[in-house]
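Have a look below at one chain only, the form predicted on its own, in structure tokens format.
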Amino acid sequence: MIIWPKTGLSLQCYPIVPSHVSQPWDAADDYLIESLPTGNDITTLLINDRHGVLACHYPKAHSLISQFCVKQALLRNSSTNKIDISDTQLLTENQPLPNHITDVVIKIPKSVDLLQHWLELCRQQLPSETRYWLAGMSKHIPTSWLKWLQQHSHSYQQYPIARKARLMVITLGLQPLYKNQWFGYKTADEIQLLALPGVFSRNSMDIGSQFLLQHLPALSGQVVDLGCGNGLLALTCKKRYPACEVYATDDAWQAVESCRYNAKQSQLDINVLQGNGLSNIAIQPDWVLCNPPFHDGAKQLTDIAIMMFEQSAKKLKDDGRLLVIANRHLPYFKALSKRFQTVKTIASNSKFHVYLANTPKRQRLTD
């Protein structure tokens, strides 16, 4: 735990990462709590509050929760600080927004389409006079995003940059912010994949996943697509190997909903679950397929991938196998070798390695 100096709160990232790598708040959070009006927590909606730090500072506010890990972080940090946040304050995207909201606070996400999605979701349900407080680190907010916000706002105020953070306050008009929230493509296996805003590589197939599928070995038994996104790996596996029992899991609500939709439309029977890595997978699979992220928001980290490898080694059957696609520069071979008896590079090109890790090292995992 580390102390947020502006508030005195004891906070921690979830999943846990060392404090020298990432801390739960940033200067944009500081800017928000310095600028937001006080005394109206109950009429405030928080969005993309990655580790629940704003929710702990505004304990009567509502929070729109899209990610499993965000909810866990919020609950853990509020418990640590003995803050009582009720279930009714935690909203999912398929729930109606409270009609008494006057201020929406959005930490600006990595993708502009996800920001547009959240603004449109609120515009459809909240009064036109609702104020939107948008904050993020300046280096992660392109000028084109600022121009788009100005063009699509009824009113727009940009605060001076402070400690490398930006803050804007806008209101929205009556016109929709975009026409269609679903985008997608068709795979070489003739699977139509659509995805909601914020889902990785939703407009076209990720070249890493494409390379993995070109070298996908024969699969059997129970297979898990870990970090499924739109369901590309899970659905391709099910179509190529119909006898497999396939599971898909992701942290993000948008990904899980997209995967479920694509499975239904393709008439491919798979199990789709939301959770932190393999936390909600009850079986011991024969295979785990993984195209792990190496970013958390705008931060480049390997911690999420390492957590996925660790979970896979604990969850797989004794002779289970983990198939990973990774950028060549990432130090994953060593990380996998610590957790599996054998690790082979089964395919490579100028950008990627495909690793096949066999047989978890159970002794190490129980030490």
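In case it trips you up, residue 1 is the first one in the sequence shown, and so on. Every value quoted in this text rests on a predicted model; they were computed, and no experiment measured them.
A second form of this protein, the form predicted together with a small molecule, is not displayed here; the remarks below concern that form.
Taking non-hydrogen atoms only, Pro197 never approaches the small molecule to within 4.5 angstroms in the predicted complex. Among heavy atoms of Leu323, none comes within 4.5 Å of the small molecule in the predicted complex. Although the partner is absent here, Asp251 is a contact residue: one of its heavy atoms lies within 4.5 angstroms of the small molecule in the predicted complex. Proximity of Asn291 to the small molecule in the predicted complex falls within the 4.5 Å heavy atom cutoff. The stretch that touches the small molecule in the predicted complex, counting heavy atoms within 4.5 Å, is 304-312, out of 51-59, 304-312, 26-34, 333-341.
This chain is displayed alone, yet in the predicted complex one of Ala135, Leu115, Leu232, Val104 has a heavy atom within 4.5 Å of the small molecule; that residue is Leu232.
For the options Pro98, Gly221, Gly275, Gly173, the one in contact with the small molecule in the predicted complex, meaning a heavy atom within 4.5 Å, is Gly275.
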